[in-house]
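What follows is a single chain, given as structure tokens, in the form predicted on its own.
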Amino acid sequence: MKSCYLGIDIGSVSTNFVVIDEDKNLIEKLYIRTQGQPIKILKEGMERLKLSIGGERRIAGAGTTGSGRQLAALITSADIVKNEITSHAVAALDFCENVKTVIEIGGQDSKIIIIREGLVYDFAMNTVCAAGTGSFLDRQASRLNIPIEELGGYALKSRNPVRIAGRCAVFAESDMIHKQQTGQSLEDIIGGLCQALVRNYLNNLAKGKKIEAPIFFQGGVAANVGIAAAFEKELKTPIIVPPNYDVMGAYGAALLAKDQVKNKGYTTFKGFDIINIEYMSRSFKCEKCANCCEVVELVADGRVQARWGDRCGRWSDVEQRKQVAHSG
């Protein structure tokens, strides 16, 4: 049975799964809406992977990334857990060892990664302003009654993009409505919207950073040709949208898992059996000190498997010691 490696990227909007072979070829990918239910979607993705590759290949290692990476790692016993910055950088470098800038825009956040000589030199993240994310584009596409997949095409048809205030999602939407009321064409409004998002990104994330080519554009928003064109116009240089731009975080996690397993010689990955276990997460407020930490518990078949979120380790350290004692 051929070995392969799994990467899981759990975000607030989507959960992505990537399976690569020993030669780093992508043999399977899944994009599933998280819908606020990361555990359910994780199990659903694993079940679908079991049906598609379970009888032909053996998952020899797994890595997790994204905002839900710790949760996914605990459930799957992943070999490595990495943040999104590292995972996206590793994926980009695998496609182009000379890449110097990575622009990543997802559903709820956006990032810029500056790479020099194959290493992450600098980065910035936006997790506050919705105007620089894919969710804002989704909302406007829905309001304009245009499929999100067609939004970029409208922008490319624009001959005179209108100026839209892009520093705030609320102001940008009000500005768009005003432009519609004055009779501006849909193409020019959408063209202006794409340019506004790009200005927001460059002003908030790239300010003070030296953006050099080659530049990779990753994340779900990279599918929008209007945004890519707006970046090229502002930066005056070609923008590269790599293959599998939408799952590059998961791809990077799979690459990292492959290297990790090769280095240590074994995997901790539990396999597809996790789909048969009933998982749930819950939280409680610890009032043992003034920190009043919110402690999160992962429960499997009624038993607490892990706790995290406490600053002092009162709860998490106990669970770690239990696991070590049990494994010994």
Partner chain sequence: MIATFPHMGNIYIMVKTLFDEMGIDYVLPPKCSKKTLEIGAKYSPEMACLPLKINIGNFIESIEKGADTIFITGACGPCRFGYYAEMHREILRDLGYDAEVVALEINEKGLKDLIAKLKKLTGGKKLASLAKPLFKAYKALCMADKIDELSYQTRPLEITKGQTDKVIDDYRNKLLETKSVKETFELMRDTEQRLLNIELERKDTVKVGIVGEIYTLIEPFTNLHIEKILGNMGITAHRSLYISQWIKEHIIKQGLHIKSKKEFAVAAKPYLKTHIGGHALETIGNSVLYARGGYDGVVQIYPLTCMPEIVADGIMPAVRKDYDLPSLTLVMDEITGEAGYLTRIDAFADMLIRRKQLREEKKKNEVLLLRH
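Note that this is a predicted model, so its numbers are computed, not measured. Numbering follows the first chain given and starts at 1.
Form predicted together with the partner chain: not shown, discussed below.
**Q** Would N126 sit within 4.5 Å of the partner chain in the predicted complex, counting heavy atoms only?
**A** Yes, contact at 4.5 Å.
**Q** Even though the partner isn't displayed, in the predicted complex is F171 close enough to the partner chain, meaning a heavy atom within 4.5 Å?
**A** Close contact is absent here: in the predicted complex, F171 is far from the partner chain, nothing within 4.5 Å, heavy atoms only.
**Q** Taking the partner chain as it sits in the predicted complex, is I85 in contact with it (heavy atom to heavy atom, 4.5 Å or less)?
**A** Answer yes; at least one heavy atom of I85 falls within 4.5 Å of the partner chain in the predicted complex.
**Q** Considering non-hydrogen atoms and a 4.5 Å limit, does the partner chain approach K209 in the predicted complex?
**A** It does: once the partner chain is placed as it appears in the predicted complex, K209 has a heavy atom within 4.5 Å of it.
**Q** With the partner chain left out of view, which of Q37, S52, N291, S281 would have a heavy atom within 4.5 Å of it in the predicted complex?
**A** That would be N291.
**Q** Given that the partner chain is left out here, which of L186, I148, A223, V120 has a heavy atom within 4.5 Å of it in the predicted complex?
**A** So the residue touching the partner chain in the predicted complex, by this definition, is V120.
**Q** Heavy atoms within 4.5 Å of the partner chain in the predicted complex: which stretch among 246 to 254, 77 to 85, 176 to 184, 135 to 143?
**A** One stretch meets the cut-off, namely 77 to 85.
**Q** Only counting heavy atoms and a 4.5 Å limit, does any residue of 59 to 79 reach the partner chain in the predicted complex, and if so which ones?
**A** Only a single residue, R69, comes within 4.5 Å of the partner.
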